[in-house]
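Quick setup: the structure tokens below cover two forms of a single protein chain, split into structure 1 and structure 2.
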Structure 1
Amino acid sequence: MMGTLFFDSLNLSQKVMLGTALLGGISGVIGSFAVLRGRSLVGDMLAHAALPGICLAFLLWGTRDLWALSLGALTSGLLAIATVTWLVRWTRTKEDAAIGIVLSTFFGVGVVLLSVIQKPHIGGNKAGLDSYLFGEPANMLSDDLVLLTVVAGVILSLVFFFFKEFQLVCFDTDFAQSQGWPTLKIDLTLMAALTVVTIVGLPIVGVILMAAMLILPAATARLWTNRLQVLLVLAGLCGMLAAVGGTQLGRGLPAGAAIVLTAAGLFVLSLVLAPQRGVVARLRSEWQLRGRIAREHLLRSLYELNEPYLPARQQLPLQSLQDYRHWSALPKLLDAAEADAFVERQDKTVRLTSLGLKRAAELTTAHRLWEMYLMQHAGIAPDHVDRDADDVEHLLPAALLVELEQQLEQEGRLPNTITSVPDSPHQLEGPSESSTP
């Protein structure tokens, strides 16, 4: 009663903003578990399967009361989940096919019922049931806000008290089963929460777009973090921002579509700018990796050209280095190596510094160890092993190289001193094409 009086004191714009924010927040939180669990399409199925329940509830009660329609939608949604479960368990139908069958069948029945009750003598058109297809938050009442508040409180409490259980089921169901956890009950609880959120969200964003509210905020948040706690908070905030922003920015447009498009805009923005998984970060990381590989190839090439003169550090003509690798970006690579104090240049010659010789010896050692390993254990031909070693030596962790050294030492194929560079296990006739940056 107190809550209803409070909501009655708000104007329509405030009610819409509060209602959409509540829906966006809880959709982001519970949708995160659905996405991690691989159940994203379940929300879509529930949204479509709820339509016949909504229509039947209106035919029975003759009212658009949210509680009555939500009860009908919930019943229809649970029946849809039971049908999918039966099809998967007792027939040869795969889960994705079962979801598609139930989704299309239930939605088809709902469209037929919706066309029936929209006839003038029944009054469904005046009741505004067509808004359930695309959503209409402007029709929100105080009772609707009370229901959204109750659902939000229950869902957040459920996530708080069963966070550990939900986390384990989402990431490692097999381990949870081996430890005796009631994974079926936990999964059903999670799906029940997803069903409730889907049902209460239908009047706001509609049947067709509700799945996007469950998926987009979670997918957006996933681009920014690897921690589940942070993911849930970010997903809730993204859902709230999309809901409020879509409602305010999309005036004059279908509200449900505006909310979903705002959520999609946040996803695209995150896809580009996220610090680890964003397109810009990935391109920058790839560019840095290519640069590091090119610099390491330069040092290894200088070591191989200087190898006949060891331990002296010979002044090598730049032309001999150019002929050895045929690099078009050689001046830039030499500038970077000189800035790192790995080489020193004089006129048209270049020489490794003491630091550069040490680093070049380490890189050459790693390369030749991988050549030996690939020839002995992977059956790589000697005339291809240089290229294959180039593919792995820059990407695998240093701990794996140490393990390889220990293995080769046990087999008696490692040099006597760890600082020695083993001879090349193949006859190097020329540089491989893959080593050209």
Structure 2
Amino acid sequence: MMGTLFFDSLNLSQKVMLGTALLGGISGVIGSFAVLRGRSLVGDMLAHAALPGICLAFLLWGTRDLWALSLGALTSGLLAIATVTWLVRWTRTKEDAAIGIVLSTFFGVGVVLLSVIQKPHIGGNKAGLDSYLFGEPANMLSDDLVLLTVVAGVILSLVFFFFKEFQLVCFDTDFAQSQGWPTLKIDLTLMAALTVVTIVGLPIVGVILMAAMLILPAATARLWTNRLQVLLVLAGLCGMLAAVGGTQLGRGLPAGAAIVLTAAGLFVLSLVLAPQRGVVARLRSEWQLRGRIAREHLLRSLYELNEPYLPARQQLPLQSLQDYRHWSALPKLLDAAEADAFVERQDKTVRLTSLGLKRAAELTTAHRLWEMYLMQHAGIAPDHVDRDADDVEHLLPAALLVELEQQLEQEGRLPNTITSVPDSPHQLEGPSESSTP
């Protein structure tokens, strides 16, 4: 066997590195599909339910041979799935309850068998089967590597070639079936992949924590992207990083735990740092939004104070602005507006520039349209109407917007620096917003 020969030439730490990386990668990818399909618990069940199979296989064959034990794990895993299906179909047990029942029962049987095996006269401690509980990558043999490589090759090519089909079935099974796809077969393929990955992962991560390897990388990757293609790649990388990093950092600790804790660390880190969904990004966008709203309020207030003098641009006393609204940080806001060349200041007065007037008129228009919409079409009291005026652009259909503008004009409240009625609501979009091309 060429493969075995190649793997034999590696030293142990290289083997461990390669093996854990392969496992992390495929469990990230297949775990993503499982999570999206609402099957994260199924992976957990498979892992726990594998234990009695492993023990029985050992008792039957009397060796710690990888293939024999994997076959045992596979058999009891499939038996567990069948039991859950049967419970859900023929008794009125809910799926999550059925999974819980089967998982703990099988695992209980496994623990009992394990304690039987540990008895000295059966062949005992040296069997080292308890490494299946917490995982032991340092036991990595060339055989394990061959198995992992084959599994990884098959699974990654399946995902590569049938990405479109997997995506479709996971997102909308009924639609897929209405197009004529054999959804059951596609789904079973994913399920089989999940089973196989779980079982090859057991000696490395252990039955108790294997589920985390399936779920955590997927959950982490989900924070960084909104596209399945990218998510699969990121989840694979994240699984690899966790598996390799965990085994390297956590020497002397139970390996499964070290790997899972590393994965959890990556998850927490992403929770904080990820764009859009991360805590930092949310705080920042909230802060920016507040700043933008404050700047817009300033311009709108200036416009409204200036409105009686239009088209002239009046020097407005700062005090009148202060009285008009309660500002917490007026000087700072004025600094910012001056930097944007929207206002000019002279000791105690402020005046809109022509650029500022134009922008202020736009904002006021949008705001008044929005106000009118809320009052007339949504039945909200005038004093409850205070919302970021830019929303108008996203919320109102174009036809309604034009109608509202006409109404504003009739009432003489349409800011009159706007000569032509914008025919697309997108023209209301402010320069401060990074617009889509």
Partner chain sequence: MAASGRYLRKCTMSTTALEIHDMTVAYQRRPVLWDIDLQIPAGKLVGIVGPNGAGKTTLIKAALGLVPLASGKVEIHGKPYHQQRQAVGYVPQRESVDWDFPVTVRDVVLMGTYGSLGWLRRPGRSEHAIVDRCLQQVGISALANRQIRQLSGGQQQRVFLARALAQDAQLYFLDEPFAGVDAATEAAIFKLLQTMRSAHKTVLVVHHDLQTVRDYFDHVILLNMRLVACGPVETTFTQENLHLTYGGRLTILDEAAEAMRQREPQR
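Keep in mind the model is a prediction, meaning the values are calculated, not measured. In this text, the rigid core denotes the largest set of C-alpha atoms whose superposition between the two forms falls within 1.5 Å. Residue positions are counted from 1 along structure 1's sequence.
Structures 1 and 2, same chain in two forms; the form predicted in complex with its partner chain is found in structure 2. Superposing C-alpha atoms between structures 1 and 2 reveals a rigid-body rotation of the smaller part against the larger of 9 degrees. Comparison between structures 1 and 2 places the CA of G180 3.7 angstrom away from its other position, after core fitting.
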